[in-house]
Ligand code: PHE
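Coming up is one lone chain in structure tokens, specifically the form predicted alone.
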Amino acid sequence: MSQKRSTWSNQFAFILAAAASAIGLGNLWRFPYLAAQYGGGTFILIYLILVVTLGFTLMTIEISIGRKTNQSQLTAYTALNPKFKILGILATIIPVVIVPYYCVIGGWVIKYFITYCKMIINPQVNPLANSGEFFGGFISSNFGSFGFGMIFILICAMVIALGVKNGIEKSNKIMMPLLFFMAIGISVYVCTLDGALDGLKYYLIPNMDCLSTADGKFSFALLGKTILGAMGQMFYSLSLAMGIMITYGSYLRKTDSIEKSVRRIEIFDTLIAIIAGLMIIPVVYIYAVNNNVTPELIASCNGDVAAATNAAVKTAMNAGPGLMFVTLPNVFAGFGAAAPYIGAVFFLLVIFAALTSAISLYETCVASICDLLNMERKNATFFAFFAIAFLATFSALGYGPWANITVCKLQFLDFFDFVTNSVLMPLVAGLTCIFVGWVIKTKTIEDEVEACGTPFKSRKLFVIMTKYIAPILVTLILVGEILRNTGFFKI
């Protein structure tokens, strides 16, 4: 006997859940460092253009496929055309691979939050005095990374087991407002710091230097790199090609407007991404100027202080995971007695952001199990927990006891990240556009968008993007990411 499909309580519940899935670790640290790397306002402008065109198209397709088939991504493609079963399998592999290592990183965040709470209780003890050593020691320990990762997975499982309305909806109604107001509060505080104005200018004002060569000439190659960087971030930021939007779309009522929902999700997600930059870039800018703009660096920039400052900030921002776990603790340390409180609030915010995204990824796995095996939700959640916990072991121990084991010269976590974000996600997105544009035809999606009784206002944009522009852009992401990660060029 088939299980009755759950539904969202209302359209706002869906928008909140979809936005929550998109607002994760990628928004909080990846968007700020990419904006800093690619000319601040220049990157933001390009990103916004891509979100309202390519992002809108891909999200509309995925939500429509989910609602039309009433199934998760694993079986949704097959329901539309049995010959494309492989596309559903590829789309399912992505969350299955991502959620284990994402939960490991979520465990790192919990560790830092607890550490700052301990510092509040006992200010004389500061384990983060040497943040680089603390981070390296934690992720290379035999149990620390694994143990906290399991705690994070268990929290996600508890929410998922409660169901769509009682679990995902209610948790988002609590975490999302807290996340938003904490982000606003930290941003306001940061903007009041001495030197923050220069950091805000660095972040928000378009800087065309990122599109120019050393001799000041405009470079189409550098423009292309910036566009590819923005497109890659868009996939992270909007939770595209991960199966999440198809699964969440399958819970959407026919009376709810897909087009309006997508536009609101885009606004909510982009707003949080920009606020993340307001939280992080000014304080990192101040820290870099005060600590990293040395006489030696100025000399290497031919005495140009502005160029030295730009180089110092880019180096500080482009630290990957180290930005959140090494650089920011050093920045917080400069706040003196307030440091533990600021650190605790910040990492609590990050926990909420990580949880909302991880819950979405976890739900995608559970929904696939339910659809494929006709299994009850609680049993599917239990089954998924052990599968995720097993796969998480590789990422949790990959920097510790298993550090000498690599795949394609990458640690397990880095390899999983490369396969999913650089290969599978753009591949699935490109094939989905071709599938919709040339196999089942765009009218299938157009009709689903209009099923709520309102006209599809962006129909022309959607058709052109789906059939012609999106496949090309997504192919460029795929090729560019592979070349970048294999060392042929850097983006």
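Residue numbers here begin at 1 and follow the sequence given. Source: prediction; values computed, not measured.
Omitted from view is the form predicted in complex with the named molecule, to which the following refers.
At 4.5 angstroms, heavy atoms only, are Ala22, Ser239 and Ile244 all close to the named molecule in the predicted bound form? Affirmative, all three are within 4.5 Å.
Which listed residue (Val262, Ile388, Ala76, Ile98) meets the criterion of a heavy atom within 4.5 Å of the named molecule in the predicted bound form? Selected residue: Ile98.
Since exactly one of Ser250, Ser368, Asn172, Ser357 fits, which has a heavy atom within 4.5 Å of the named molecule in the predicted bound form? It is Ser357.
Looking at 22 to 30, 441 to 449, 49 to 57, 454 to 462, which stretch has residues with any non-hydrogen atom within 4.5 Å of the named molecule in the predicted bound form? Going by heavy atoms within 4.5 Å, the stretch is 22 to 30.
Would Leu361 show up as a contact with the named molecule in the predicted bound form if we use heavy atoms at 4.5 Å? Yes, contact at 4.5 Å.
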